[in-house]
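Here we start with a single chain on its own, the form predicted alone, put down as structure tokens.
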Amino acid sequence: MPVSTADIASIVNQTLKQYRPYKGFAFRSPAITVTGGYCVNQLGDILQELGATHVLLVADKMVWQLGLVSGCEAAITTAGLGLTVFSDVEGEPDSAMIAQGLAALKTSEADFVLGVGGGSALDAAKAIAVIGDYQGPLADFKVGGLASRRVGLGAIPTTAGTGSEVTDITVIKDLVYNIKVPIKGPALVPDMALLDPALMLGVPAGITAATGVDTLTHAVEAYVSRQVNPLSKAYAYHAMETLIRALPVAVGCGEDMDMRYDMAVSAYKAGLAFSNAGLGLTHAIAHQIGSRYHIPHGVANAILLPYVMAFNALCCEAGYAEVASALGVSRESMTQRERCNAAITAVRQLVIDLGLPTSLAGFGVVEHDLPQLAEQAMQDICLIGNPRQVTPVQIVTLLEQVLSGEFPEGYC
């Protein structure tokens, strides 16, 4: 009796499942991480250790004009390495900016790309390093498709927020389709991450607040992600534990080196967490509203996170109860639901205390746009890790709440 195609497929699938490790996971991180005040002075030695001979330094224009990359430049040239500077990173990176950077990489013949600056510079550097040989549109990139690159890659953040110095993801705005394209793959993990809090001392309070809440969002979403693993969960928890103490001080007293250091390490830990466990609905929506209405990414996350936590709590009440412990708002007398609500309230209160907006009012968002934003969010790769299944109608309802500023009662 002949075996049907469906039977063959079933046998193959069952066989493959037997070879999948039970509770197995992979974990990616930079090969070298260096931390500490003024550790940028070690940059030349590190680059030599990694085999670099000519460096393309990709920097935020403002960071470069303020002289914050001068220490990096000095360390590179003192080590006898070639140096080319690409400092045309302004705002969040887009496809045109990446094309200019790729031209600089080709002309310079650099064998190492080093991003210095905020998340925009680091994301731009990562994209330049990995897509030099690719000619198609950004929208064609598939998750996990970037497995190799021909040049070295390093990252030195000047803000504590994106975690791009450790992640396997970059986000580039595709000007053809006017959407943000998250690109993910092992080649995007930097070979080197250098965390120097001295480079962050002059960051304005508003940027410190927004990037700090971006770190918090990474940690919270990674902690309750469907793809969470023991290592990512530990990194996320400790990132939240440190951030809740350090962020308000870093915003209010930006010259506090200790708090800047703690925030840099928190962003690093949260980056490791979400890079290896995924994110969720907050980021899936933030990418859409940020691109359409030019809302800074950290601000978009600050607005959305409490609302998304309230929505997701239906499925991860226990997880948010643990988040409450990390944030220092859990008490033994509380029920699990009370601890969950305490975590959501603490996040919302932190956003208010830092002077960040709590609704989309004033950003030009109109209700007519909400269905399209919802459909785009449904296609975002970050949605894969969200703990609660979601429909476009539910996203529209959530956005209506965020637009009005009316916080939901109970688990919406």
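For every residue, the number given is its place in the sequence shown, counted from 1. Since this is a predicted model, take the numbers as computed values, not measurements.
Below: the form predicted in complex with a small molecule, not depicted.
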Margin query: in the model of the complex, is there a heavy atom of the small molecule that lies within 4.5 Å of any heavy atom of Asp262, even though the partner is absent here?
Written below: no
Margin query: Residue-level contact is defined here as any heavy atom of the residue lying within 4.5 Å of the small molecule in the model of the complex; does Gly119 satisfy this criterion?
Written below: yes
Notebook entry, point to check: Does Asp123 reach the small molecule in the model of the complex if we count a contact as any heavy atom within 4.5 Å?
Noted result: yes
Notebook entry, point to check: Using 4.5 Å between non-hydrogen atoms, is Met309 touching the small molecule in the model of the complex?
Noted result: no
Note to self: Suppose contact means a heavy atom within 4.5 Å; in the model of the complex, does that hold for all of Lys184, Glu221 and Tyr268 with the small molecule?
What the structure shows: no
Item checked: Segment that reaches the small molecule in the model of the complex - one of 336 to 344, 105 to 113, 318 to 326, 89 to 97, heavy atoms within 4.5 Å -> 89 to 97
Next item on the list: Sort through Ile289, Ile76, Ala277, Val203 and report the residue having a heavy atom within 4.5 Å of the small molecule in the model of the complex.
Entry: Val203
Notebook entry, point to check: Of the options Met378, Ile352, Ala361, Met62, which one has a non-hydrogen atom that comes within 4.5 Å of the small molecule in the model of the complex?
Noted result: Met62
